[in-house]
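The structure tokens that follow cover one protein chain in two forms, given apart as structure 1 and structure 2.
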Structure 1
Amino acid sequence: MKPSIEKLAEKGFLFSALFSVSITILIFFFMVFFSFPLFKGGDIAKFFTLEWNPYESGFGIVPMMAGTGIIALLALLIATPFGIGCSALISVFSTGYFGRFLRKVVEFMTGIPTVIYGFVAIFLLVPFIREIFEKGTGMCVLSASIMLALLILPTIILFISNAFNAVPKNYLDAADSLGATPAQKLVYIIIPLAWKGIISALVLAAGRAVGDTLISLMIAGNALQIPKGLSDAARTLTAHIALIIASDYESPEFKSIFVCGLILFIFTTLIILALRLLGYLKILRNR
């Protein structure tokens, strides 16, 4: 009886994996199918320009591509050290009541709607950033990146803390017997053994950072320009899609959202592949 249940579970997991992969591939081909007429007609080049002005046949999405990359990358750079630090506090330094309480708070943060983060940023973060730079509205790259980092932080913390907890106990016991401090165990044992979980956390966080709409839509400023500094406003691809989705279905303005979606899909894939490549290089280095 037990082997048959295990086989059934194995087939169920295999079906789930194949189904997920199939949905991802179908979404990609869906975007390609609706973008193909633009490629075929030779109109695709006009989308890779700097100017977005539909009234004068300007449909350049390069500023949105730059805004997406800058805001997502900055958010990931901000969130990663805090994520590793909080995970270490939960799983290494405060394993008692306070650690469990902190983990519950992080789990609670994952259920907060994104729009709440946006409202908090408008009334608290944006005025603060405006006072620091003493120019602009405060709705800029830095505001969006900070709030986006806060949004992806729970994902990073939960996955990394789980990876820390999965480190074999005999390694930690051996370190204790040698008189290692918690900080030494973290740096020399836990992080090197938990790097796969860290990479997975960063992959998921990067995907969410690139794909988030409301944060960038509400507090990035939605300026059609390539940001030259942290105080400059910007627009991301997801915010751009949300803003033009109600336009005429036959217009180039509407058709551009499929190009945006395809680029967003490829952009996310490249980030994931880059993070996976880091993990692969680490494997080769360990050998």
Structure 2
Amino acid sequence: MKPSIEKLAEKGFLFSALFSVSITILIFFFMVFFSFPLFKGGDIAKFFTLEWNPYESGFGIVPMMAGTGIIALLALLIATPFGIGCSALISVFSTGYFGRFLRKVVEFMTGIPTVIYGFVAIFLLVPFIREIFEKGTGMCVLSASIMLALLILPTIILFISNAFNAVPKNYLDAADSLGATPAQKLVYIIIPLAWKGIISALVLAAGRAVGDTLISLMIAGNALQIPKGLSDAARTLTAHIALIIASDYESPEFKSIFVCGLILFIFTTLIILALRLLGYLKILRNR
């Protein structure tokens, strides 16, 4: 091909790459641009107060931050033992038929749309939770975190089981020749060697849990309060963004969702940096 075409193509490739990464910067820029008037006006402190009351100009987003934190943390707490258990089953205990089947199921789970989890939960889990607590609507922190745990489980399981499989084979062979049982191999060799992988999986899952919109929007109840118990309704940052549809683009109410967006963006960046620090991002990219 002519050298000029080569040059042109290279420019084109470079331009596409620059365009793609500039989206990230643009998103950050837009979040700052739209929430900037609030920073400048000096009433940013108001946003970090407890009260959300648009009629008396209280736009505190602390309840939403608390809701996000509590729901995501609870989901992680539920999902972690299951995640480690299932990945140990896949990589260590049942490498035969059942393990392969379980892995297929988990891979299949990554293909189920979030909105379907939410939809089924409304008619299956929520009535059940309502019966248990015997008060409220059943749309509460507990229901949301159970569904969220189910949503992030595939991420956790696939990531941890990849980390387990990456343990050098000769270590395992050595353990085998010393007569170690599978459980001993898991506790004394695989987990100590793969702990970074486990932490990375949890960090990644935390990112997914915080970033998910539909489940918390559909089944967390969306109440504007700091949840005090498992049966309380709560609202997350993501659901808050989805719920505020202000027609008046100049109102502080509308601008406050960009502060939420900025917080989520910074959180995502921190997650990515943490994953880099752990050195496990390569596995993620390869998937």
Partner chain sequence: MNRFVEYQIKLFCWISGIILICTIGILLAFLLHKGFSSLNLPLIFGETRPLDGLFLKTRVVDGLFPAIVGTLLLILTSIIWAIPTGVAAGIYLAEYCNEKWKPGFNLLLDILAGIPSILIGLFGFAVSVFLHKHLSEHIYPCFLISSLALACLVLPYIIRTTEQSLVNLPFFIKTTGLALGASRLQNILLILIPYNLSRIISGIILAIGRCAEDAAVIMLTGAVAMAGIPDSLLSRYEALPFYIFYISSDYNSQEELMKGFGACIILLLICVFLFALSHILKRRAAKRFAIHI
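Think of the rigid core as the biggest set of C-alphas that the two forms share within 1.5 Å after superposition. Please read all numbers here as calculations on a predicted model, not as lab measurements. Every residue number counts along structure 1's sequence, beginning with 1.
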Structure identified as the form predicted on its own: 1
Is A66 one of the residues whose C-alpha moves 2 Å or more between the two structures after the core fit? no
Core-superposed comparison between the two structures, I27 Cα displacement 2 Å or beyond: yes
Rigid-core fit: what Cα movement does T268 have between the two structures, in Å to one decimal? 4.5
Shift in angstrom of the A17 C-alpha between the two structures, rigid core held fixed, comes out at 10.7
